[in-house]
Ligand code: NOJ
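Taking the form predicted on its own, here's one chain by itself in structure tokens.
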């Protein structure tokens, strides 16, 4: 680990504090042993919202003490990193993403001492904690904004973005089209328009203001000092944009991102930043940095959209193309893959035809769709077919990057489409068949527990599935265990192998002298494929799922029978 910290320190000295462009010459290549020590390369991330995970005091809202009670469950599942959604004081108009104080824990979920205890208990279990860093905007109830709107001479006035006249493009660039009406809203007290990429109760911070940048670094240092391992950086492009440059193609100030990453790493050498940035693959280098000087990780939103297109169409060609398009990055960087997160499934980059195909298959009703681009359902009810659900999770753990699980997905929790917008997938964790799914003893919970239909907590819960070896929970545990035995996927190079059909994806990973082959049939029909590799002569395929051996039918040639929605993991011996 010391070698890795030294390397990071050396890398940091090569970067200018206010750098806007990538270096013209790359630093020395990252040695193999350094790559092995980058913790996020082999991580398994579990995202949860404390407010809906486990309530320890019966007030209807989850809390840190309740989460601590469930850490052994997460350890047993195989989780190595817990990613916490916002837990700060908030009016909760946007489920906590409207923050009213960056330096405190919402008293409804605990205290700073409770948070510190959580981090310490995670360390005892060899788990890390990362938290949401929401610095694009604040709540309009934040003292900074209240001071800014009341007094033009307040030092906080310039912490936000104002305009005396309503900009011509004020009705463009909404993050939530169909719900959000504008990006500039008039404040009658301030007597000016303020800018907000998100809801009107979330005014954007003026990141171009040096005082704001200094404050952000104070926030970062404050939470790093608790011992966390990094941040999930919310809305990365919007944090960097210059609003005055227009809503359609705003200029992005990348030196803000590079400076933030550098500051975080100076303060804690092995801390990592996972970015939420739904960008075109051609823009990826600007965020990660051409030579790894940007943020360390990004969610692969681009690949995720084509993954769902492949699941809907049972054709993998565009997904294969997306994998290749998002392939190149520094060895120190990593993609994070997910099936469901806390938001809608964004399909905005698909063609109209492909998007309609996904809608037809997975979101056929209007109330299942959101923002003219996405689906607001959890995975289990969306796919509906257990075999396809298993396929999807096998694929999640077999893709080139770090897998990320949203709480409750491991038991196939459902959604509540009667709830507002994205809250449909933010219902309380279902632990058992007791009152409120064992989440809380309160008469009323923060979000309602799913208690009706096929996904009611009486039918879908942790306690029941732990006893059933064929349950989704135990199946995912098996995937996680196998993935942990395959360092090739986290660290190695990958290749898509020809499979003589457009429904089966076959990938090979190589790391040092080891090799893994994974095959996934996206079709509901059986498929027989032939794999021929000259380098495989004299070798056999060890089936990691069933502990069998597949011998070649000829030198370097293998015949695989794939069940409908089937998947196979092999180690090449």
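Just so it is clear, the model here is predicted, and its values are computed rather than measured. Positions refer to the first chain, counted from 1.
Just so you know, the form predicted in complex with 1-deoxynojirimycin (NOJ) exists too; it's not on screen, but the next bit is about it.
Residue in contact with 1-deoxynojirimycin (NOJ) in the model of the complex (any heavy atom within 4.5 Å), chosen from 349, 422, 157, 286: 422.
Taking 342, 329, 369, 477 one by one, only a single residue has any non-hydrogen atom within 4.5 Å of 1-deoxynojirimycin (NOJ) in the model of the complex, and it is 342.
Although the partner is absent here, residue 270 lies well away from 1-deoxynojirimycin (NOJ) in the model of the complex, with no heavy atom inside 4.5 Å. Interface membership of residue 192, defined by any non-hydrogen atom within 4.5 Å of 1-deoxynojirimycin (NOJ) in the model of the complex, is ruled out.
Residue contact with 1-deoxynojirimycin (NOJ) in the model of the complex: residue 198 places a heavy atom within 4.5 Å of it. Taking the partner from elsewhere, residue 397 is found to have every heavy atom lying beyond 4.5 Å of 1-deoxynojirimycin (NOJ) in the model of the complex. Between 462-470, 122-130, 198-206, 447-455, the stretch whose residues reach within 4.5 angstroms of 1-deoxynojirimycin (NOJ) in the model of the complex through a non-hydrogen atom is 198-206. Using a 4.5 Å cut-off on any heavy atom, the one residue of 425-462 that reaches 1-deoxynojirimycin (NOJ) in the model of the complex is 426.
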